[in-house]
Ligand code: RIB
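Below, in structure tokens: the form predicted alone, a single chain.
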């Protein structure tokens, strides 16, 4: 696996936390910085949760910056009913030892990109307000970031927060449109693959039986989340791995077994389609028209079994010694 230096952009709730735990346990992966954003919870609480997870992993020195507290063009909405009022399944975790930095998450992203051009990969698992704002502020940003992997959208336009809108895109369609069309390398890990990549009863039992700090933490925060998803899975306490899968694809692209390079646009008009990812599936026509993107790599099929095994392995075994933050 190629070494990766990551900037995380997250609305840290339950599955974002699992994504962070996964990344902390993968060899050759360095979490350089975290920026919080509104979404699952308010941005300030997401930053606190980010610090909690980092400290659990021994990554106390990784900076966490609070980011945008609301979307670009609509009212703030959060998802406490899914993630708990505290974003961590109403588990009332202890306060982190340190608070966030004074730097804004957008400023942090721009600064790091300029300090080490072409070195950082961004993993975005919340609404894309920070990234969209950074693109508005700095026209050079797309050439400075090596890649962006985001959890959001769907190839077939099926939603979860709305009939056609996946939650992260629906929370800020204007920002998402900017991100998809900025001209940097973007991989979209959407509902098409995340809903099929799940923790089921055998994996949950293995995690619950493990005596590691990260397994105990994951077992605790998952209980509320599993209860929510039981409504979608006929009472079965299983859950999809939305954000963790995006993290997995970011550091191990070979998890994607089938993909499409397509133009992605986001419906932004008021109405039932707002937040829908609209995929142009006409590569031959586009080639004839001389169009060259920007294209997004959309994951269509992933090696779910391999990824789930990786995640369970990270949660049930001791974490490696932390790599130093940049």
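Positions refer to the first chain, counted from 1. Just so it is clear, the structure is predicted and the values come from calculations on it, not from any experiment.
The form predicted in complex with the ligand exists for this protein as well; it is not shown, and the discussion that follows is about that form.
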Partner-facing stretch of 212-220, 162-170, 134-142, 230-238, counted where any non-hydrogen atom is within 4.5 angstroms of the ligand in the predicted complex: 162-170
In the predicted complex, the residue from 182, 207, 191, 110 that sits within 4.5 Å of the ligand by heavy atoms: 191
Sole residue of 49, 277, 40, 36 within 4.5 Å of the ligand in the predicted complex, by heavy atom: 40
Contact test in the predicted complex: residue 125 vs the ligand, heavy atoms, 4.5 Å: yes
Heavy atom of residue 176 within 4.5 Å of the ligand in the predicted complex: no
Partner proximity in the predicted complex: residue 151 to the ligand, non-hydrogen atom cutoff 4.5 Å: yes
Stretch 215-243: residues contacting the ligand in the predicted complex, 4.5 Å heavy atom cut-off: 242, 243
